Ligand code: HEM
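Have a look below at one chain only, the form predicted on its own, in structure tokens format.
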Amino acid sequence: METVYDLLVILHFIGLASLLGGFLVQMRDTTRVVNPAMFHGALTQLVTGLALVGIGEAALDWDFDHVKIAIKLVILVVITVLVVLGRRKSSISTATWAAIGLLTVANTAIAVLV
């Protein structure tokens, strides 16, 4: 089961790379959009994150910091909502685009530093 967990961690990192990469590629653009990389990255992060906690708690009997996991989940749900709502529009505001990027970086910082 640890192999499955490790594969999910890799997929989780790929989701992060996709979400953050989709954000960063638009740094010089004047028109901001939610591109497919951001959409699929957010969904990948959400699904693999839930699976990682589920497998870690149930199958591997690991003890996670549930407050940290809850904060990260709330942030990711906000990111996902912004991405899904922004995907429906032809362009999004710079504030929405910046919020997606900053929340993604904040979530990564929480994962690493806390």
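Because the structure is a prediction, the values reported are computed rather than measured. When you see a residue number, it is the position in the sequence shown, counting from 1.
Unshown form predicted together with the named molecule; subsequent notes refer to it.
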**Prompt:** Given that the named molecule is left out here, which of 59, 43, 33, 53 has a heavy atom within 4.5 Å of it in the predicted complex?
**Reply:** 53
**Request:** Report whether the minimum heavy atom distance between residue 49 and the named molecule in the predicted complex is within 4.5 Å.
**Result:** yes
**Prompt:** Taking heavy atoms only, is residue 38 within 4.5 angstroms of the named molecule in the predicted complex?
**Reply:** no
**Touches the named molecule in the predicted complex: residue 112 (any heavy atom, 4.5 Å)** = yes
**Prompt:** Is there a heavy atom of residue 84 no more than 4.5 Å from a heavy atom of the named molecule in the predicted complex?
**Reply:** no
**Message:** Residue by residue through 77-114, which ones have a non-hydrogen atom no more than 4.5 angstroms from the named molecule in the predicted complex?
**Reply:** 79, 104, 107, 108, 111, 112
